[in-house]
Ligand code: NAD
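The chain below stands alone and is given as structure tokens, in the form predicted alone.
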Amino acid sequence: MNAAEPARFDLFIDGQEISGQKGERATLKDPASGHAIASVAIAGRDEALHALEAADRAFRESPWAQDDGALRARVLRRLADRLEADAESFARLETVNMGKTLREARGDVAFVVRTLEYASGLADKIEGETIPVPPPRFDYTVREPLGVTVHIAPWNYPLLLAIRSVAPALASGNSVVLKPASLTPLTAVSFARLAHAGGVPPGILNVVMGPGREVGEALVTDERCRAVSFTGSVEVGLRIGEIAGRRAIPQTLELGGKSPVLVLPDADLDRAARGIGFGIFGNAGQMCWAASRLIVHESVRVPLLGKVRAFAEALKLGPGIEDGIDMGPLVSADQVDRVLGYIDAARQDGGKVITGGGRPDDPRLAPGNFVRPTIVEEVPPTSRAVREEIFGPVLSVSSFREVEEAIRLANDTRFGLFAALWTKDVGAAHSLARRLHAGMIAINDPPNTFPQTPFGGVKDSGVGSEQGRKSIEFFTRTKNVLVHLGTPGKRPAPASVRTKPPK
């Protein structure tokens, strides 16, 4: 992209790109360089309502919802193929918009392709059931799409976390209004263009960008919104949940975490160190399930920390678009200030920074939003750096002597999205997994997920889960049909049987 001529991205409503009634626009910058990369239209309440109107009309009038699923299956599979063919341009766009490395962005796009493939396979398999009831009755259920579904996506995995819920919503026969994060809307708009060209009817997939307070609330409060999927902060999620709750519409809220990693004395320390490193420094730590709290047995603390520190210090920082880069910048200057503030708080609370702790010294990285991979130990459990979600490359370390202490430390958090265990004792792993308060557990693996596996947490990490077959259930409603077959008793024989044949 030419920094002097930023690319133009408009709202995508009813199969068309529009700039909005007010004509307001925002300039987005590459977080690695500060150069302008795109001019983006900003929606207001009017555009949000326009998108809902288009989605509602398309749901009622297009064949999308009325089809038996075969059409949706074909279109989604074709869309997966088209995205796979254009994967490199999507990955590059994601990298310059959000900052993640090109390797990570390529992995994200591949995950989206697989999500579309998985959803396409479910589209024509949405089935009801028959239920035994007292005769002479017949009872059955059907699953129907909800109508217009609203999807509010975050900035850390812009395309992946949007399509994670959009794909099953479309597969179920719904129409969609997607509001991507204001910082990272570029791949969402590009995806809508691709979907329209690939056969998704006008109005079935709409994308509006704008402030959450105005656009997001306008979408969720409107009666045409029949379900909402939100990924983001606890504060905003609770607000969305409050609105959805008052309207009694289904909701999934994925609100982040403060995930523990337990390392037992018998763990493979080399594998554990690599897993811990990927779990906290991947995507520059900007992950809802970042493995940000290391809880290690005191007998292996020193050697494990040495290996994790070596992993962190070997990471090459730089613009994600360049080859050989291991960790890119944070998404914005505000996010840099936030992360550095938590590191300062850890120091003030008595924590010891054993590596990282600030911005890199390389002057070539000064224009970008870079923070060095950071490890802090001896931070008291009451510190904000331990209690709150940092959303950056910062690992806090504590140790334990007894397993009971490790479980207590792991569960001592308001969040419950993810937890990891490193041990060679399979029995201990399964036993401890049952006692950890988290929606997802990884044993001898860093944070990992697949389109077919549920993704969700407990406590303040949110409500409900996404991915897997259950996602289809969320985006459909069950309708029960009871049929009375008539008064029981002996029925007269048909006339052809009662009449004697002529002699």
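Counting begins at 1, following the sequence as shown. Just so we're clear, the structure is a prediction, and the values are computed from it rather than from any experiment.
There is another form of this protein, the form predicted in complex with the ligand, and it is not shown here; the text below is about that form.
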**Option from 319-327, 190-198, 269-277, 213-221 whose residues, in the model of the complex, bring a heavy atom within 4.5 Å of the ligand** = 213-221
**Request:** Considering only heavy atoms, tell me if R293 and the ligand come within 4.5 Å of each other in the model of the complex.
**Result:** no
**Prompt:** Any chance A385 has a heavy atom within 4.5 Å of the ligand in the model of the complex?
**Reply:** no
**Request:** Classify F418 as contacting or not contacting the ligand in the model of the complex by the rule of any non-hydrogen atom within 4.5 angstroms, answering yes or no.
**Result:** no
**Asked** Is N174 close enough to the ligand in the model of the complex to count, meaning some heavy atom within 4.5 Å?
**Response** no
**The unique member of Y118, F400, F111, W155 whose heavy atoms fall within 4.5 Å of the ligand in the model of the complex** = W155
**Message:** Going by heavy atom distances of 4.5 angstroms or less, which of P260, G368, G203, P180 would be at the interface with the ligand in the model of the complex?
**Reply:** P180
**Request:** Select from 251-281 the residues with a non-hydrogen atom within 4.5 Å of the ligand in the model of the complex and write them out in sequence order.
**Result:** E254, L255, G256, G257
